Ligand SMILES: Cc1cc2nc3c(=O)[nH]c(=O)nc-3n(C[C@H](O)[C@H](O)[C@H](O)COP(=O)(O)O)c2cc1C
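Shown below, as structure tokens, is a lone chain in the form predicted alone; questions about how it binds or moves come after it.
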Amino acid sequence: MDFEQLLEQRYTTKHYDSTRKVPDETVTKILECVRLTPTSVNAQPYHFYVLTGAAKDSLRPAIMDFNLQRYDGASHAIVITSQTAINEEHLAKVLAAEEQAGRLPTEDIKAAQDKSRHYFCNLHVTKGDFTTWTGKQAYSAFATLVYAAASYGVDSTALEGIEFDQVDSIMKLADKHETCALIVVLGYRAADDSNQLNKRPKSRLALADLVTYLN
């Protein structure tokens, strides 16, 4: 499918068919797409927690009332977290993966890459916006997630109507120097989902309202 068509057809699901579950292999395919999301200096400063069953139920107290129906009806909840502090172990893994992939053919290049990534991470620590910076990366991954899901015929909803501090507390994210950026639920729309495009057509501003060409 043409990517523009995918964007035209995908919408935020409001009501899920709770009898249908997304197959594990499909969730894995979606997450493999998410894994390939571009991030600043390839830092990948986020994590994805896939919740089903009792784990998903345990987070229910942190979901605001108006989102409970879709949270309960969806088969999976993906908690996207972002890092709140520089994680040296994580950065070492990123560097090792780059080396294994053949991106760092010499020790000099490897050292320069590591220095550059630390420079940008520390730059945001100094500016006091490190969590904001990592949160932006999490939202980049969110976009990949929902459109990858759509490409596999899976519906999705981003939940920002949540008690973020409560999510962090329930999942003990502070212990990992992480914080919840948002939750995305995955499943299959109910036949009478109120947000279907034949009921509520997609609406966006015109290109002329959003784009200015400068020469």
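Note that this is a predicted model, so its numbers are computed, not measured. Numbering starts at 1 and follows the sequence shown.
Not on display, but discussed next: the form predicted together with this ligand.
Though the partner is left out of this view, residue 65 does not reach within 4.5 Å of this ligand in the predicted bound form, counting heavy atoms only. By the criterion of a heavy atom within 4.5 Å, residue 148 is excluded from the residues contacting this ligand in the predicted bound form. In the predicted bound form, none of the heavy atoms of residue 34 sits within 4.5 Å of a heavy atom of this ligand. By the criterion of a heavy atom within 4.5 Å, residue 170 is excluded from the residues contacting this ligand in the predicted bound form. The partner is absent here; in the predicted bound form, the one residue of 189, 47, 70, 56 having a heavy atom within 4.5 Å of this ligand is 70. Between 38-46, 158-166, 22-30, 171-179, the stretch whose residues reach within 4.5 angstroms of this ligand in the predicted bound form through a non-hydrogen atom is 158-166. Residues of 122-145 lying near this ligand in the predicted bound form, listed in sequence order, are 139, 142, the criterion being any heavy atom within 4.5 Å.
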